[in-house]
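As structure tokens, one chain now follows by itself in the form predicted on its own.
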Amino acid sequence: MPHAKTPEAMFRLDEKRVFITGGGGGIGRAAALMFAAFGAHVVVLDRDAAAAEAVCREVANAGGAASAFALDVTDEAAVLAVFAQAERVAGGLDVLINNAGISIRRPSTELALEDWNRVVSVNLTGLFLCSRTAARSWIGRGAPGAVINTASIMSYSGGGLHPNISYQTTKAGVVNLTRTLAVEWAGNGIRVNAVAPTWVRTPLIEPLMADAGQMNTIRSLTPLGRLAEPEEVASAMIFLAGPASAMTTGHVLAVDGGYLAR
């Protein structure tokens, strides 16, 4: 990738087509709005079709370009069909944000196999299916591409705040999947990176936010002393998607207020 001529251009994503799974809320919604503001056509993918459409309207109302599609990332046939349709509508695919994820907070001895499999299917298998589909498209066309995965500080920690083994295990898997695909696809001009957020002010942690004691514990564990905002994670994704990170692949960028530095 050639060097951009101006500092501003290093972060612009004009005419790039950015697919965002889990784009109907939280970090995904923030990413959709921010990527559109930086010039991209965003494709909002979410299991909740109404949520995806709502974010699409927000992008359009802000002057951006967006398309919305319902997608269950655990359904291989649906991933293949929806990606193909979305590429036709958007005119291609340049960046994939694997952001869809779920959490089932339950002690390991009480976690049903069905719930374990559900978290693995969304957080790890779905990410693989979407990444593989995007890479096949890029490799088939001889085109470069960028994948950005949403990992977590729990990719590197056993937790302790609450039992959450399926989430922590799958997010650890996301880190090594990121590294493995980065090495495998580097020769094809495909970069694969991840962000590792701390607790982010999104619906995913609403039960925690309702507990003052838990919030005090989180602040005490975070050197910067607060939750992250979705836009702060989206900003890291902007960097990893564009020319400014052209020499960066296989990297996991912590957006964690210093949690992992303790």
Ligand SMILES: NC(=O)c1ccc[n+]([C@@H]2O[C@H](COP(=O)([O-])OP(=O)(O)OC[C@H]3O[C@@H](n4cnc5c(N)ncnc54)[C@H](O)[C@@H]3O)[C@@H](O)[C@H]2O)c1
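On a predicted model such as this, the values are computed, not experimentally measured, just so you know. All residue numbers are counted from 1 along the displayed sequence.
Only in words, not in the display: the form predicted together with the ligand, which the text now covers.
*Asks:* Within 4.5 Å of the ligand in the model of the complex, counting heavy atoms only, one of 158-166, 183-191, 67-75, 81-89 shows up; tell me which.
*Replies:* Checking each option against the 4.5 Å cut-off leaves 67-75.
*Asks:* Let me know the one among Ala60, Met215, Ile205, Ala37 whose heavy atoms come within 4.5 Å of the ligand in the model of the complex, would you?
*Replies:* Of the candidates Ala60, Met215, Ile205, Ala37, Ile205 is the one lying within 4.5 Å of the ligand in the model of the complex.
*Asks:* Could you work out which of Arg106, Arg179, Arg118, Arg132 is the residue within 4.5 angstroms of the ligand in the model of the complex, going by heavy atoms?
*Replies:* Only one listed residue qualifies here, and that residue is Arg118.
*Asks:* Quick check on Val122: any heavy atom within 4.5 Å of the ligand in the model of the complex?
*Replies:* Yes, Val122 is a contact residue.
*Asks:* So in the model of the complex, does Ala234 come within 4.5 Å of the ligand, heavy atom to heavy atom?
*Replies:* Looking in the model of the complex, residue contacts with the ligand do not include Ala234, since no heavy atom lies within 4.5 Å.
*Asks:* In the model of the complex, does Val200 have a heavy atom within 4.5 Å of the ligand?
*Replies:* Yes, contact at 4.5 Å.
*Asks:* Would Ile139 count as touching the ligand in the model of the complex under a 4.5 Å heavy atom rule?
*Replies:* Ile139: no, not in contact with the ligand in the model of the complex.
*Asks:* Let me know which residues along 94-133 have a heavy atom within 4.5 Å of the ligand in the model of the complex, or say none if there are none.
*Replies:* Asn99, Ala100, Gly101, Ile102, Arg118, Val122 sit within 4.5 Å of the partner.
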